[in-house]
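Heads up, the chain below is alone and in the form predicted on its own; it's given as structure tokens.
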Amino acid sequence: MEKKNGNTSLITSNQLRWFYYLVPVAALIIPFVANEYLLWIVNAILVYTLVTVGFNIIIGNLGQLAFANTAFFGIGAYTSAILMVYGGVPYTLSILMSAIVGGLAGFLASVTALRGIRLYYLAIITLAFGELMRWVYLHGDDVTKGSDGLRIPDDIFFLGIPLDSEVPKFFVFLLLAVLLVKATSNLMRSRIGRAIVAIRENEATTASLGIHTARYIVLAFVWSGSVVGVAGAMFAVLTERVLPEAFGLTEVIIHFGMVLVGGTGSIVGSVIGAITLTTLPEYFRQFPGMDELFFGIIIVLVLLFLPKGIVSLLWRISPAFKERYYRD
């Protein structure tokens, strides 16, 4: 037991570190107890975990009201699909290319922030970026197949493993999610992560300390674009057909809701938000026409009673759940 701020912690930092490693190991049992439908939902959770982690870097850690996340997501999905369909590129390589192209999109999105555009202006411009990309998907018939969507090949392999059912997809998605979540956690604990959080707290003061703020803003956007780009490549394989409608304004609301419900600026919160807003709306689909209502109710209730997100409940169990770079 350890005490912090006068409260007794039920879980120590060392125990929590082991807990983080044991969770993905324990998840390996899921394919043996879940049917195809439930496993599809789990795979969707893994996809949206990376989407939310990437989005939270910009919204929560950097503190910029930028909504280019859906653009990164679509770019990653279409990059992977186009390379596999037209270039015969292996899926493993297409994931890497989705990360690179997503990072380049992140660089382009960061240009607006570097020009001093902030708050609602930045939000509108980045939303427009996402809608522009959706227009490209819709009207690029020769490549994207327009509104019919681009169907990926049936024979997809990852390092020689055929992704012909939800089971192998689960193991590949779990591997990618664990690697990128861990990499993001390490990044945020590093000097780069501390600089990113410092920019959110006070950009002018951070610059006065000799920190090149523009460089770290670009790095945050590029890393966010890369992580979400990989999620897009996973999404393409999960849905087996990439459609423009999957990357519209509704998707922006879903991504933002996951960040808010889980907890802004928290990687653990990102995972919780992805789990919550993937599973509950799926459950409420059994009530036709009501799933959107329940989605909205979930967000409203969490913001009213848990303004710091569901992750704040874990802080009551142990302050160790609050990442060191988190700031109230």
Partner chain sequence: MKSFLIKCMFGAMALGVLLIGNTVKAEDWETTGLTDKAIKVGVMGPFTGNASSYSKTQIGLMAYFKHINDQGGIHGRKFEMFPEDTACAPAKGIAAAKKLVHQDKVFYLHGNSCSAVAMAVKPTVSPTGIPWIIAHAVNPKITMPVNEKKSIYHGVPAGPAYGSTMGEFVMSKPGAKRIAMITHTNDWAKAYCDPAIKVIKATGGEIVLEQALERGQTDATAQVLKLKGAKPDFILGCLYEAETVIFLRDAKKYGLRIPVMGTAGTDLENTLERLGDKDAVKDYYVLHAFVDKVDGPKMKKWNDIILKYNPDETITGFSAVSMASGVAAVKALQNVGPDLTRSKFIAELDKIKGLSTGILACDITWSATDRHGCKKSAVAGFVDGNPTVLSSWGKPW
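Numbering follows the first chain given and starts at 1. Note that the structure is a prediction, hence the values are computed from the model and not measured.
The same protein also has a form predicted in complex with its partner chain, omitted here; what follows describes it.
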{"query": "Residue stretch of 218 to 226, 157 to 165, 85 to 93, 98 to 106 approaching its partner chain in the model of the complex, non-hydrogen atom distance within 4.5 Å", "finding": "157 to 165"}
{"query": "Partner contact for residue 313 in the model of the complex: its partner chain, 4.5 angstroms, heavy atom", "finding": "no"}
{"query": "4.5 Å heavy atom contact, residue 172 to its partner chain in the model of the complex", "finding": "yes"}
{"query": "Contact label in the model of the complex: residue 25 to its partner chain, heavy atom within 4.5 Å", "finding": "yes"}
{"query": "4.5 Å heavy atom contact, residue 138 and its partner chain in the model of the complex", "finding": "yes"}
{"query": "Interface residues of 216 to 244 toward its partner chain, as seen in the model of the complex [heavy atoms, 4.5 Å]", "finding": "235, 239, 240, 241, 243"}
